[in-house]
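There is one chain below, alone, in structure tokens, taken in the form predicted on its own.
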């Protein structure tokens, strides 16, 4: 035990001297899968192994969904004699290190979950008082990602707690993507760019397009509520530090149109794309959304600029997103219950992004070729921005264009 304490003391001293997060991670928003939205605490190693296999077999891994993340309830009831966290031996009989090996052999990365408080939201052991031990254990196991929650944190300072775990992860020596999950309570976008690779902007999502779920002391937010709460935070996001509007509910019970709108708007937000459905039984229509590489490219664009809500007229919104190479994403979102037909007068959307990219659409002088990203094949080419365009946006759905400067 003395050797363990000496190692942890040396690690703490090194971290306080260097005090940084791992660079080179999440240069574009992270992509993967998390167990919580679909399975909550009902997880075990068989589920994780089968999901890893399914990510590969469906082509999702090749599309960029490489993190496979355990959420809450993987923990044993007690720490070991030296205070190190352990996994539930009944649910994970092979251990987390063996699970990490299985995931890594398939070209994927393993994520894990903890909490800055005394217990996790599911009542398991939190990392409070054991930050360096837990970080060292994750590194020993071969973990690649940590989601760090915010339950049971009374009288704990958020900035201090998350910076402490950042330092502990760095001291452990294994590059681990650090995903903060304190629900936006302490405005992490204002201070966490050098602490974590992403931070939650809101409380938890639930599988609804536009309705709030009341839980008495807290609320679960719909897709549209979370979109609204994250829209104004674009200046804080960029390569290596992203606004996180929570995990995707695509495939969990929304309509196909709503799934498409949800996925599209997360891409317009430059959000982490963390799947929350059962990959083992994913249906072809859902898979067609999740595998749309042209839409994923909007999210993963190397410029790393979050989209901007340019206009809202009734239930119709128009969003613009600067992309590398002088391209733009142009999205029409219909939040209403009726289809909307709208004529796009391109010069109306002349705009200079003074807040972030300093780029301009210049529709009045530039001509762009229009590609409809939710239409396949030759039909996806829809002319140019030389003349106005009339389009119908279905209820609870989007129309998404990529605009490329005409050469």
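Numbering follows the first chain given and starts at 1. In this text, all values refer to a predicted model and were calculated from it rather than measured experimentally.
Heads up, the form predicted together with a small molecule isn't pictured, but that's what we're talking about next.
S.K.: Could you check which residue among 113, 189, 132, 330 gets a heavy atom within 4.5 Å of the small molecule in the predicted complex?
M.R.: Looking at 113, 189, 132, 330 one by one, just 113 meets the 4.5 Å heavy-atom criterion.
S.K.: 72, 249, 144, 258: which sits within 4.5 Å of the small molecule in the predicted complex by any heavy atom?
M.R.: Partner contact (heavy atom, 4.5 Å) among the options: 72.
S.K.: With heavy atoms only and a cut-off of 4.5 Å, decide whether residue 117 touches the small molecule in the predicted complex.
M.R.: No, no contact at 4.5 Å.
S.K.: Are any of the heavy atoms in residue 167 no more than 4.5 Å from a heavy atom of the small molecule in the predicted complex?
M.R.: No, no contact at 4.5 Å.
S.K.: If we define contact as a non-hydrogen atom of the residue within 4.5 angstroms of the partner, is residue 122 a contact of the small molecule in the predicted complex?
M.R.: Yes, residue 122 sits close enough to the small molecule in the predicted complex that at least one of its heavy atoms falls within 4.5 Å.
S.K.: Does the 4.5 Å heavy atom contact test between residue 197 and the small molecule in the predicted complex come out positive?
M.R.: No, residue 197 is distant from the partner.
S.K.: Does the trio 26, 242 and 301 actually contact the small molecule in the predicted complex, every residue with a heavy atom within 4.5 Å?
M.R.: So, no: the whole triplet misses the small molecule.
S.K.: Counting any heavy atom within 4.5 Å as contact, can you tell me which stretch out of 303-311, 265-273, 157-165, 175-183 lines the small molecule in the predicted complex?
M.R.: Selected range: 175-183.
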